[in-house]
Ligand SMILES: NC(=O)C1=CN([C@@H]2O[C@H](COP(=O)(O)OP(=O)(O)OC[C@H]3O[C@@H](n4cnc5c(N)ncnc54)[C@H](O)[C@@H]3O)[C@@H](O)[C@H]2O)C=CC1
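As a starting point, one isolated chain is supplied in structure tokens, in the form predicted alone.
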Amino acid sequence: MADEKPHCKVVLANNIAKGLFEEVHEGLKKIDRMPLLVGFLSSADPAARVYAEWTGKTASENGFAFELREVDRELLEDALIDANNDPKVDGIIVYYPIFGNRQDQYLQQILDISKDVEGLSHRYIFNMYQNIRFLDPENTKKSILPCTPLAVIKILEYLRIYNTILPYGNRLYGRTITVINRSEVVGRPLAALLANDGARVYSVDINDVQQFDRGQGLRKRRHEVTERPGWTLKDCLPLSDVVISGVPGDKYKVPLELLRDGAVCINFSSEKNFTPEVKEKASIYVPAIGKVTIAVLLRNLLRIVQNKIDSAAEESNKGSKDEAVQATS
């Protein structure tokens, strides 16, 4: 009798990104120009350059203008301010890390919120953690979410991990997810987004484990964080339907013996956090997410441009109404 082969389905980012690019193409038809995205490269990190070049190629292929500006990191602050004030620039992306410390967080806050395609400005981050999904009281302008965490969300939606029978905002209820990475750019925001959608999330860092959830029975509007003293991956992985890993080191591998059979495994690190043997235990494996991240980036840019167009139209309508009132008074 022949050995049974693993039944794992390997899902590639290209296939997931297709639907997002179609959405972007439809959105582009509604505006009368080619949006300009400007990327700032001030890092010697080769991965940052690859990402920058890949962004430019994908943007150009999908109807966007892209301009890469290589700037000495000591001059970056002024360069970002100039781009903020340039009406021709629709969106800005900065390829981090640059200083690798709090100065990077400062640079994130310099960006004009109306050009921040990565969703790293304070207003966007505040909205994300507070589970505020819109920028306006009328709920017409969606808040921008960080690209890589949102890319993971879109992948989980594509994989039907989100239960569309449940109400929007609760569609991960009953899911248990482990996120291995708690960086401020990806891991922590991702854990918060998943928990705000109803999941119980174990956020694993090098030193500890935290649990993100909205309480028993989704009692709260936004997530809360609980420390799990003494917990390690041995406690989290056997409980998890989904395991998402983004450890940047090439030596780190998710311990396969701790995975539950049939888990969904997603790798968002530039390194492979899962060994090839993951296919013997996982039901679905997504080995990389880069293409989805760039699709989400362009989607964010389109949303920013559309928000700007809508705001201008509202101002114009308001002005017309004011003139009409004055004319009749």
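Values in this document were obtained by computation on a predicted structure and should not be read as measured data. Sequential numbering from 1, following the sequence displayed.
Keep in mind that the form predicted together with this ligand is missing from the display, and what follows is about it.
Engineer: Although the partner isn't part of this model, could you tell me whether Y252 comes within 4.5 Å of this ligand in the predicted complex, counting any heavy atom of the residue?
Structural biologist: Looking in the predicted complex, residue contacts with this ligand include Y252, since a heavy atom lies within 4.5 Å.
Engineer: Classify P248 as contacting or not contacting this ligand in the predicted complex by the rule of any non-hydrogen atom within 4.5 angstroms, answering yes or no.
Structural biologist: Yes, contact at 4.5 Å.
Engineer: Is T293 one of the residues lying within 4.5 Å of this ligand in the predicted complex, judged by heavy atom distances?
Structural biologist: Taking the distances in the predicted complex, the answer for T293 is yes, it comes within 4.5 Å of this ligand.
Engineer: In the predicted complex, does S240 come within 4.5 Å of this ligand, counting heavy atoms only?
Structural biologist: Contact with this ligand, no.
Engineer: Give a yes or no on whether each residue among D112, S121 and I125 has a heavy atom within 4.5 Å of this ligand in the predicted complex.
Structural biologist: Judged in the predicted complex, none of D112, S121 and I125 sits within 4.5 Å of this ligand.
Engineer: Spot the stretch among 180 to 188, 130 to 138, 157 to 165, 73 to 81 with residues whose non-hydrogen atoms come within 4.5 Å of this ligand in the predicted complex.
Structural biologist: The contacting stretch is 180 to 188.
Engineer: Counting non-hydrogen atoms within 4.5 angstroms of this ligand in the predicted complex, say which of E224, D235, D205, D86 makes the cut.
Structural biologist: Contact with this ligand in the predicted complex is made by D205 alone.
Engineer: Exactly one of A263, I289, V278, L301 has a non-hydrogen atom within 4.5 Å of this ligand in the predicted complex; which residue is it?
Structural biologist: Answer to the contact question: I289.
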